[in-house]
Every structure is written in structure tokens, then in C-alpha cells.
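As C-alpha cells, one chain now follows by itself in the form predicted on its own.
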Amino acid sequence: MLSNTEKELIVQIWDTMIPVAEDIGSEALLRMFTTFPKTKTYFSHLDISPNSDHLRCHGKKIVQALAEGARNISTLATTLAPLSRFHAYLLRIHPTNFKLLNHCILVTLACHMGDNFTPVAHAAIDKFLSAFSAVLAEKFR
């Protein structure tokens, strides 16, 4: 699935996103809510307006989870098991929403990384996000 070079690149990219996790995560979420308004239903109890504390906090959690997943990519299923259970059983997030967020994360990364978002980086991140969302969706029934 992912070559060693791609795995290293993925870790490097997510490690560079940690200092701006709130910005990257909240922008990706806001992009998803704007482009796919039905995804807002899972966040009806939060203030998801641009730059709100809730949006920035949740965005940061997402980026941090992605960075941790990247660092533990060989044990992704084990690393993400608690998140998978939480999103499936407690929050009941439909797996399609993870794919929508993946797309918004890719666009957000492309905007922030500029020329560093090469076709190789794009492909590696896309593969990683697909694997990440597949693990999160595993428990959903």
C-alpha cells in the first residue's frame, strides 16, 4: 500500500502541520461544512462558525490524530481503535463523512503547503487518509 518513502513523507508532512493544527483542522472542517452542509448535523451542539473555539479545538484534535496515525502507521488499526469505536458507537458518524473530510483535508493541505504539495505528496497523503478513514469506519454497522 504505502512505500517506506511515502510513510516517511507522511510523517514529515503531519509533523510540520502540528504547529498550525488548529488552522489546518478548522479550515478543513469549515470547508467540509460549507461544501457538504449535511455534515453539520453531527455538530449541532457546537458553535462551528469560522474561527470559533469549538471549530478550532476539534480541528486541532483531528490534525493531532492524523499525526499520531502517521507516526504509528504500521499499527494504524490498533492506534485508532478507540477513535473508531467512539465515532461508530457513540457518535454514529456515517463512514461517507470521513471521505468528505479527507477531500477537504487534501484541499486545505494543498493551499497551505503550496509548491511542497507535490504529486508524490498528494498521492501519499491521499492513500494515508483513505487508510485512516477505512479504520475509523471499520466498527460502523
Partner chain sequence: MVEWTDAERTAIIGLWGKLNIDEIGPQALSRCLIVYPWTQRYFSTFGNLSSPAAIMGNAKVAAHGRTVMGGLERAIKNMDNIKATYAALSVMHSERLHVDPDNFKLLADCITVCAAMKFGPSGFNADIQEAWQKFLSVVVSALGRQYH
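Numbering follows the first chain given and starts at 1. Computed from a predicted structure; not experimentally measured.
There is another form of the same protein, the form predicted together with the partner chain; it is not shown, and what comes next is about it.
**Student:** Does any heavy atom of Pro82 come within 4.5 Å of a heavy atom of the partner chain in the model of the complex?
**Tutor:** Pro82: no, not in contact with the partner chain in the model of the complex.
**Student:** Can you work out whether Arg31 and the partner chain are in contact in the model of the complex, taking contact to mean some heavy atom pair no more than 4.5 Å apart?
**Tutor:** Contact check for Arg31: yes, within 4.5 Å of the partner chain in the model of the complex.
**Student:** Is Pro19 near the partner chain? Define near as a heavy atom within 4.5 Å, in the model of the complex.
**Tutor:** Looking in the model of the complex, residue contacts with the partner chain do not include Pro19, since no heavy atom lies within 4.5 Å.
**Student:** Should Phe36 be classed as touching the partner chain in the model of the complex when contacts are defined as heavy atoms within 4.5 Å?
**Tutor:** Phe36: yes, in contact with the partner chain in the model of the complex.
**Student:** If you check His94, Lys60, His103, His54 against the partner chain in the model of the complex, which one has a heavy atom within 4.5 Å?
**Tutor:** Of the candidates His94, Lys60, His103, His54, His103 is the one lying within 4.5 Å of the partner chain in the model of the complex.
**Student:** Only one of Ala77, Ala88, Leu46, Cys111 comes within 4.5 Å of the partner chain in the model of the complex by heavy atoms, so just point that one out.
**Tutor:** Residue within 4.5 Å of the partner: Cys111.
**Student:** Would you mind checking 100-137 for residues with a heavy atom within 4.5 Å of the partner chain in the model of the complex?
**Tutor:** Going through 100-137 in order - heavy atoms within 4.5 Å of the partner chain in the model of the complex - the hits are His103, Cys104, Val107, Ala110, Cys111, His112, Gly114, Asp115, Phe117, Thr118, Pro119, Val120, His122, Ala123, Asp126.
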